[in-house]
Each structure stands twice: as C-alpha cells, then as structure tokens.
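In the structure tokens that follow, a single protein chain appears in two forms: structure 1, then structure 2.
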Structure 1
Amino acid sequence: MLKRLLATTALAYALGLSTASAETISMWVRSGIGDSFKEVVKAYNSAGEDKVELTEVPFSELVQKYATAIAGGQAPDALSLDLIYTPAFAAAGQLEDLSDWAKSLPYFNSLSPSHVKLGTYEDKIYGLPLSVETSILAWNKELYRKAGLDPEKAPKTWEEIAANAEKIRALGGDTYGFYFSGGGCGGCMIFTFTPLAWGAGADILSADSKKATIDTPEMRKAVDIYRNLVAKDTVPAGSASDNGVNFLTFTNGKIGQQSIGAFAIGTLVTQHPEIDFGVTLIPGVDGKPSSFAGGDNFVVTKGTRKLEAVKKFLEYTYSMEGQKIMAKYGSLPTRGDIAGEVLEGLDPRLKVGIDAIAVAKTPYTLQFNDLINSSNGPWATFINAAIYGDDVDGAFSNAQSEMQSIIDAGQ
C-alpha cells in the first residue's frame, strides 16, 4: 500500500517536472518599499510564460518570517531581501551561490557596487541588486507657498528646516512642519536620521563594526535639532508612538518637510499626483549632505528546484524594459551602464536620488537586526529616549553600553 502510494507520488513528481514548461516561482517582498517591484512582476506575469507569485511581508517581520519558513521547509524560491541582511543569511548557509551565473552576465560590472559588496560572502556571490534606494528630504511646495516661503528653494541647513517648520506649523490646524517615525522604528531612523551625523563625519559604529560610537558631538547636535523640532510643536504627536506604520505620513499632504526614501518619489508621483513636492539631499548637522544607500538584494533560497526560472525572471528585471518599469515607480536603476537611458523622460526628481548615492553610506554589520532594526533594540530605544525622553545623557550612555554588549556577545 505504502509502496504503491510512493510510486504514484514519484510518477506524478516526474511527470510534473517533465511537463513543467511554465513555472510558478514563489517570491517574497517586504512592504514599504514602494510599488516598483510589484509592477515589474505584473508586467512579467502578463508577458512571459512563467509566473511569479508575490507575497508581501511586513518589513519589520520579513527576516524572522523567512528564517522560520526556512526552518519549516516553507521558504519561497526567492526573495527581495533588505541588502544589509544578505551577509548574515549567506553566512548561515541558507542562500544559493549565484557566482558563476552572475559573473557571466554581460553587465555584471555595472551592477550597483554596494549591493554586490553586501551580497558577497567569502568571495561567493549570494545576492544581486534588485532595487536601490537612498534617503532624501522632501518638502511640500504647496505648504511652502501658503506659509510665505519660496517653494522652489530647497532648504540647505537644519536651521532653515527648523525655521520653515515653524512657519508652516503657524498655518495651524493639523498642518505640521516636520515628521519622523520616532516610536521605536529603528529601520526608519537609521535611514533618515543618521545622515545628520554622517554628513558631519561621525558614525554610530566604528569602521570595523566592533565598537559602538554613538556618543559623538555630532550625534548630540542631531538629537538637539530633532528635540527642538518637537519642542516647537512642529511634529505631530503621533510621531512619538509611530513604529513605522505611518512612515509615509508626508503623503497626507499636511506635512511640510520629511526625510523619506527615493521609493517614495515613485509612490508620490503615481499615487498622490495632487501633492506638489520637491526633493533635496538631507543636510548634515553642519550642512554637508549625506544619505543612506539602502534597497534590496535578490537572493535565492538554497536548494530551490526552480533556479532556471528564477534566473530568467531576474534577467528580465535587468533588461531595459524591467529597469524602466522599476524606475517609473521610484526604484533607482540598478544597472549603471543604462541608468541615463532608463531615467530619460522620467520624473527629474529621481535624479536627486541618484545624486545621493555619491554621498551615501551603508552600515556593514552582521547584527543589524539586533542593533538597529529590532523595535526593542538599542538604536530604536535610543531614538525614542533621546528625542522624546527627559534624560538625554542617560539615553546616550544606555545606547552606547547596550550596543557594545550586543556587539561583544556576537563576537
């Protein structure tokens, strides 16, 4: 009985393999990165033979969901993984080695270098760039006009941003000058807030990621700037408990200025055409701009049976057609060789996102989740305590010691 059952299953399995001309790839993507990837999938599904079945997973839970799915044998064939996690997942031996195929791609050398660097572990390539995103500062031109400010003049310093915020807040009602997700969203704040310190040359981790260096004069100045914005009532009260759900509050049209991601440009242009906005680089505390180079890597679960179909899909994403769709919805081109051509005729504001790459940083640490992204991690706690709490010194010393102890425990 059991034998017969096994034989039937094996037969069905073999038949399934031989007749599978059109495959369905299961893929995960994290929420909050805009629509660019979803649109590429849509185009691919309507054109090609293969299908991509996309599951959107909340960005704050993607890592644990994927890790649990691997442990339970339910992992998708491929996923769009926040690039900072690629080394940790590759190190755990869960990803397919793509080195040979990747190097055979004619445009391999023009793929976004920081993505490839983070996708490489022990000289093997496990992750390839899927989407590139940088953080930038957006301002609402309509509110600038109403507040008597020059809507075409991008703010260049935080003194300017703070002054503008107060004027916009003076419009009254539920119009506010500034917004950030300050309620324990470590991911949001590393993306939008650390550029203040980076621009001035400080960092929260040492170059080798072995020392926490959060307590610097530059970071204290950055915290003061945000505290001041809060004290002047230019930030909605909801910010203090926003764990990232309302990261794109700027899209409600009642926020004067906010640091957002380049993805949001696409979201704003396509879904909120009524909002008239400008974008510029995020100034550092001393005026020198900086940015966070983020985005996603495309990784393949080790042992997937659909490797060929997955490769075919990724090649489509890298084609001119795929890149154009991605760019239209706000993802910056991943291929440097055709970036100019891809952006042709698209929203000129996307160019600010490209400019940001030149001044952008990406932290490299295997403990990114523990240190930064976890909503109960030291960075998320620090942000809320330092900006909204009463004891700034305590917030600094707690964050410093807790980050260091997590780093030490991971050695």
Structure 2
Amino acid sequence: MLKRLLATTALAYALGLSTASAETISMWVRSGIGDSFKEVVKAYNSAGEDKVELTEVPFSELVQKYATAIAGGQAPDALSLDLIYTPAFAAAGQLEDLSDWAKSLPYFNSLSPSHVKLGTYEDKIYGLPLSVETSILAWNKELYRKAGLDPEKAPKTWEEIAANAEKIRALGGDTYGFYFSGGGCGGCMIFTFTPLAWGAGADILSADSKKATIDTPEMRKAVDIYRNLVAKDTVPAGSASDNGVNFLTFTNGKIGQQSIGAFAIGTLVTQHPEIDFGVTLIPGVDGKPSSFAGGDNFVVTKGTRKLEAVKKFLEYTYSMEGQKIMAKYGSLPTRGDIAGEVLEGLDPRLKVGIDAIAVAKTPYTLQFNDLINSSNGPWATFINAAIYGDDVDGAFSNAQSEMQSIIDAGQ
C-alpha cells in the first residue's frame, strides 16, 4: 500500500516544489522524539544565521502525511524518519541522494552501520542516522540479591537467564523472573526477541530480502526458550495479551529480567531511582550477543532548494557539540569514533547501548510494516502462536508461507 502511494507522488512534487525561505529549513519529526533533538535544534538556531523550523507529527500519521505532502508539493525540506521506512521512500524516488557528500564526511565509517544500511538503496545513500536506539537486557539487582544471586553478575546465556528467572519467581507473589510483550506487538518482539536468532547467525529474511527464512533451528531454539519461561510461570500471564502498552513493565520493580531499549536507561534513572538495575547485551541462543538497531534516519526531500543548508545543520548535529547535547538529553551518540568522549560524565550504563550498535541488525525490506509491524501481520501472529499456542510446527509453517506471499506480492 505504501509502495503504491509513494509511486504516485513523484510527478506531483516535481511540479510543485516548496518555496519556503532559503535560510529557514522546514523539518518534520515524529511525536515523542524527545528533548535530545529539540535541544540540538534550539542550540543551532541560537548560534547561527540559518534556522530549523520543527513540526511534530503524530507517530501513526507521519508516513502517510509525508507521502501526501510530497504529492501536494508541500513536503518539508527534511524529515526524521523511522529507519525501517527509509528504503520504501528511497525506492519511490522521493529522497535526495546524499551519497557523495555522506562518503566525504571524515567520520562516515563510524556512523551507525544499521542506519546507513537501511538508508541505502541500490548502492546510493538516502538516509543517515539521526537517533540511534538499541535493544539490551536489564536485570533488577535487588531481586537478584533476594533470590540469592550475584547482583553484579550480568547473565551471559539464556540458560543463566532462565535459571535466574526461576529463582526470582520463587520469591512468590507478583514477583516474576522475566517479561516480554507477546500479545501481537510485532515491533516489540522484533526489537527484543529476534536478537536471540541473530546472535547465532540466523535471520528471518534472506540477505536480498526476497525469501522468508523464519523456520531455522536457531529460531526454533529461541521459541523453545521463551515457551519454557512461560511454562515455568516465570512470566506474568498478562504478557500474552500485551500489545506493547506495558512494554516497560520492568519499571514496576517486580520483574527480574527483561529485554528493553537503551532509551529506558534514562527513564529508569530519572523516573524510577528506587530500582537498582544493571544492563548487558542480549545473548543469542548460542551465547553470542546481538541487538536490534532502531531509531530514525535523517532524510531530505528530493528537489529541496535548501540542500546545502540542510547538510550544514546535519554536520552540526554530528559535531562534538551536537552529539553531547543529544547524549545529555538521553540519546545515544550516532558517531562511534567519539562515543566515549560524548558519554563522559553520564551514566556508565549507556555504554552498553553503544556496544550494542556494533552487533545490532535491522531487517531490510520495503514491506516492513506488512511483514513485521502490523498487529495482524505474520510476524506478530507467529510470535503469539509459537510461544503461547499448542501447534508450534503450524505456527512456523503459517508464518513462513504468509511472509513469503507478502514478499512475492511486492516483487
């Protein structure tokens, strides 16, 4: 659907380019982007002649509204776009090719690799990292202590996590050893669950994204791990119907371990100082860690007359000053070469989020929403059926078939 919508907008935009002031960059961001990027814009606007005019668009409306704005010649100069949608807009010819400029940046090779990969289409770069998010594993140190576990020892394998979960559950009451949002939240589970298979070298899509590869020994082992956690009552029953609204259940202080986003480190520190917690990389089923790289890419609308001003602003965002401002307000650095200096003086647990970038992945597909994010899509349906249902083989077979059908229909 998105692909068809985008395909109709190129001519309309070419006939109606925006005529906004050359020294004022118009930029859209999704609601909830947080203070980090807003503070960078504030600093840039106060220091230079050029200005960035931000418009927040509701997260659920941004993709549709941007495509419609392109068709009407009213698109902003730049956009903070969820990186998973970058390939679709690039394929539709709606974004500026930033390849030569991007590769000329002296720190280009230190930018988040998953973001650059998702920003690349047919060997040309259309998106660069703006905000970086990674998935990590958190554990509650106080519950570890109460369960007789070493609170300073980060679990390194799923065997450890499962054993710890049972000991924490044995504390009784409404204290549980593990949590995940398994009720049709495809986005939650691609973020926190897929690293189990990725760490072991498996994937849910082929390298060229033309084949569904969900039925692998590694994914079956990952499913078994979660099924056992559920079967042994280490996960609250509400997990089965949680569509993401309770994604940060860890913050209630009664969950021993949970895979979360690095963004939650700031949430825990500022809003839940009573919780003593540690964070580590998410182990794969064979112990090798992985992570999901999420966040936004910075993209530029094709045909904007303010391309040079946009580039100047992005370079400021990538500067030491810009990166420190973003980190101060809770965003991970997008540049690995200066990450250590940027995070100096901040919570040391943020470094785990940075370490995750090096092992993180993001599925590359023009059909991300239909395959993965949709609550009724094959990935979300598979997760619930495979982990909570009685027919695991059927769940794998159905997901493999449905994902392949969606992929084939989009070719």
Partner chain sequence: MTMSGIASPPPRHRRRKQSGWRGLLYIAPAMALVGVFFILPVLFTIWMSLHKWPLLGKPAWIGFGNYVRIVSDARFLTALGFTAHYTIIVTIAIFAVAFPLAIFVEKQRPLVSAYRTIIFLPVVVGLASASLLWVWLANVDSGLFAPRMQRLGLTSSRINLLADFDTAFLTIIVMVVWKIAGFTMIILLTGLQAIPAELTEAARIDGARRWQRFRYLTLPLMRRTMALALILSVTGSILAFDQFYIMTSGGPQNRMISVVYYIFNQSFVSFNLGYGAALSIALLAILVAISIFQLWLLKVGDERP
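Note that this is a predicted model, so its numbers are computed, not measured. Between two forms, the rigid core is defined as the largest C-alpha subset superposing within 1.5 Å. All residue numbers here refer to structure 1's sequence, counted from 1.
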Given the two isolated forms of this chain, which one is the form predicted together with its partner chain?
1
Among 294, 325, 229, 180, pinpoint the one at the hinge where one rigid part of the chain turns on another between the two structures.
294
Considering the two rigid parts of the chain, by what angle in degrees does the smaller one turn between the two structures?
26
In Å, how far apart are the CA positions of residue 81 between the two structures with the rigid core superposed?
3.0
Quick one: CA shift at residue 338 between the two structures, core fit, Å?
4.2
Rigid core superposed, the C-alpha shift at residue 105 between the two structures in Å:
8.5
